[in-house]
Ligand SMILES: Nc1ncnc2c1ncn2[C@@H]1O[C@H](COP(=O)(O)OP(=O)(O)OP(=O)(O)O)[C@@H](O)[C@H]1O
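The chain below stands alone, shown as structure tokens; this is the form predicted alone.
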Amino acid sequence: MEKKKSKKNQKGGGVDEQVEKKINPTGAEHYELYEEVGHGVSASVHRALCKPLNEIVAIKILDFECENCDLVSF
């Protein structure tokens, strides 16, 4: 996957350091969902494996059909 590099100036020390920004892939086929680690009124959060990067990530899944959801107006 593609990575972007940028420089970040820290306050106080004025030190420049190299910071890597990862670009995570989009699309469900790139992730393997594991257990639910949290939930709220309109979403749940799952631990998942990002297959292309071989890293554990958190995935938030929105539920637009929930009964108490304020995100959908009729």
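Small disclaimer: the values here were computed from a predicted structure and weren't measured. One rule holds for the numbers: they count along the sequence shown, beginning at 1.
A second form of this protein, the form predicted in complex with the ligand, is not displayed here; the remarks below concern that form.
Quiz item: the ligand in the model of the complex: within 4.5 Å of a heavy atom of each of Ile23, Ala28 and Lys51?
Solution: The answer is no; none of Ile23, Ala28 and Lys51 reaches the ligand.
Quiz prompt | Any non-hydrogen atom of Val37 within 4.5 angstroms of the ligand in the model of the complex | solution = Contact with the ligand, yes.
Exercise. Find out whether any non-hydrogen atom of Ala58 is located within 4.5 angstroms of the ligand in the model of the complex, and reply yes or no.
Key: Yes, Ala58 sits close enough to the ligand in the model of the complex that at least one of its heavy atoms falls within 4.5 Å.
Self-check item: Partner contact for Leu33 in the model of the complex: the ligand, 4.5 angstroms, heavy atom
Solution: The answer is no: Leu33 has no heavy atom within 4.5 Å of the ligand.
Quiz item: Using a 4.5 Å cut-off on heavy atoms, which residues of 41-62 contact the ligand in the model of the complex?
Solution: Stretch hits, in order: Val41, Ser42, Ala43, Val45, Ala58, Lys60.
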